[in-house]
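Quick setup: one chain, the form predicted alone, written in C-alpha cells, and binding and motion questions come after.
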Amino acid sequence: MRIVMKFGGTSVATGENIRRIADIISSSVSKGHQIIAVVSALDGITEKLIEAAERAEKRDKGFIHNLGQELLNRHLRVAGEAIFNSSILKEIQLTIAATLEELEKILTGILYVGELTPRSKDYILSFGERLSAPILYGALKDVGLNTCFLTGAEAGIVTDDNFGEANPLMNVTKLQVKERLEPLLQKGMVPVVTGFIAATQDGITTTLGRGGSDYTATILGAALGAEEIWIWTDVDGLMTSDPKIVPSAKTLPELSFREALEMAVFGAKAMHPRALEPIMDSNTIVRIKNIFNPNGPETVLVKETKAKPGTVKAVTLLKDVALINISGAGMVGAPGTAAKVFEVLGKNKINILMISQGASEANISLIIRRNLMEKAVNALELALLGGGLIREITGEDDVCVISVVGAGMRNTPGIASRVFTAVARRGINVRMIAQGSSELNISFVVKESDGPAAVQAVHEEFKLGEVSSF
C-alpha cells in the first residue's frame, strides 16, 4: 500500500520524537508499504521566522544575530538526539549550518533594505521545513532506510504567486510529482518532502498558508494515487469538541470529508481547511493519528459516511473573530448593496468567515478575523457612508462563533430548535445565525465570555460524550 505520512507540531519538537517517527516509518516499510514522508518545521520555529522577518524589516541587527545562533543550537541538538551514527550526523550538521548561513544572508539583505515583501517573507518562512527535513532524513538513514529529502518545489508542487496562501496548479503539479517521485518509490526509497513549501512556474518560493503541510500531504497523495494519507499529530484524532472546554469530549471514529472540512474551517486544529481539496472526489482514506499513542483511537476521514438521521457529530468554538454590522433604511430594495460591501472587503484582502442578512434588507452582519476589524470598519466607512444607502457601520471584537456539525442534520426537522433551546436554557443570547443549504453546519455568534457555556450546552443536548451517539 502507498501511504503519505505527514508529521508536524510537537511530533517534530524533539530529537526523541523524530527518532520515534523514524521507527514508525521503518515499521511500515518492513510491512511492504511505500511511504512518502511530509515534515513540518520543528515546533515553534515558524513563529520565530515570522518574528525574524519583521525584526529584519525594522533593522534589528542584534535580534537577527541571536536568532541565528539560537536556531543553530536547537537544530544541532535535535539532530544529535535523533541520529546516532556519527558520519550521518556530521552530514546533517553541515547541511543545517549551510542552510542557516543562507537564511542569515537573506535576513541581512532585508535588514539593509528595510523592506519585507510577501515574496521575501515566503522565502524566509520556508527555512523551517528546510531545516527539519534533513534531520528526519538523517534519522531514517540511521535506521537503515534508503531515503532522500526534497523541498515541496523539488518534489514538483507548482503554485500561483499568491504569496502567503499560494494555490497549487494541480494539473502541472500532478505531472511533475509523478515524474519526480515515482522513480524514487520504485527504487524502494522513502522521500522526505518539506511540507508548506512550493514554487511558482518560474521557481520562486511560495508557501501554502499556515498549517500547509497537511495540504502538501494531500497534494502528493492525489498526484501519486496514494491509498491512504496519515496525519500524525499529538492528539487522538478529531474530537466531538475541545476537551479543554468539554472534558467528556470523545474521539470521532469516522467523518466524511465534508464534515471534516466544516470542522477545520470553524476551529478544529487537526486539519488545514484546504487540505482535503485535492482528494475530495477520490476514495483515498485519511487517518488522523497520535504519534504518542499510535495504536490508540484515531479518526478516519472518507468520501462519504452513513449518517444516522438527527445526529450531531461535533461542536466547535472559533475565537479571535469580530462582528461587523452594516445597517441603513436606504439598503432596502437597493440592488448591489451587498456586492459593494464584499467588493470593499475583497480589495482590502479581508476574508469573510460568515454572513447573515435578514429579509428586511436593512442590515448585513459579517464575521471576520479580529485583527482585521479596524481595517474593515475604516475601509467600509470611507467607501460607503454618505451615499444615502448606509447609515451606520459598527464592529464588535468580543464575540466568538459556535459551529454545530454533522451530516445527520440533513433533512431532519428540529435540530436548530434543539440547539438554540439548549443555549437559551443557559441564558445565552445569540447575536447572529447562519446555515448553508448543505445542512452540514449551523453556526451562530455569541459573546466570547458565553462561548464555553454554549459549547457545553450543545454537547450535552446531543449526548456527544457518549460513544453510542455516533
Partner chain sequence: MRIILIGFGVVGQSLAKLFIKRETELSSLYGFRPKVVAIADKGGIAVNQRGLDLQRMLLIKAEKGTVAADNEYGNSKMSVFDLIESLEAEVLVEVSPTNVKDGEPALSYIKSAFKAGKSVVTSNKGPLALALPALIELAEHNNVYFRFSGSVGAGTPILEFAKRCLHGDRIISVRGILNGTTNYILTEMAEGRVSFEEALQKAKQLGYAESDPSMDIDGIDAACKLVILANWVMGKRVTLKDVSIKGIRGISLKDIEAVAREGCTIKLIGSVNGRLEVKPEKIPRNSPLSVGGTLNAVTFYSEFAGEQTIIGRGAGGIETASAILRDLLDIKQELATKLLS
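Owing to the predicted nature of the structure, the values given are computational and were not obtained by experimental measurement. Numbering follows the first chain given and starts at 1. For clarity, a rigid core is taken as the largest C-alpha set superposing within 1.5 Å between two forms.
Keep in mind that the form predicted together with the partner chain is missing from the display, and what follows is about it.
The contact residue chosen from Ile124, Leu384, Leu317, Leu76 relative to the partner chain in the predicted complex is Leu384, the criterion being a non-hydrogen atom within 4.5 angstroms. Between the options Glu343, Glu227, Glu182, Glu254, the residue in contact with the partner chain in the predicted complex by a heavy atom within 4.5 angstroms is Glu343. Checking 344 to 352, 167 to 175, 231 to 239, 199 to 207 against the partner chain in the predicted complex, the stretch whose residues place heavy atoms within 4.5 Å of it is 344 to 352.
The shortest heavy atom separation between Glu374 and the partner chain in the predicted complex is within 4.5 Å. At the 4.5 Å threshold, heavy atoms of Asp397 reach the partner chain in the predicted complex. Proximity of Gln357 to the partner chain in the predicted complex falls outside the 4.5 Å heavy atom cutoff. Taking the partner from elsewhere, Ala379 is found to have a heavy atom lying within 4.5 Å of the partner chain in the predicted complex. Comparing the forms between this form and the one not shown on their rigid core, the Cα displacement of Lys90 stays under 2 Å. Superposition on the rigid core between this form and the one not shown places the CA atom of Met280 less than 2 Å from its counterpart.
Once the rigid core is overlaid between this form and the one not shown, Leu372 counts among the residues whose Cα shifts by 2 Å or more.
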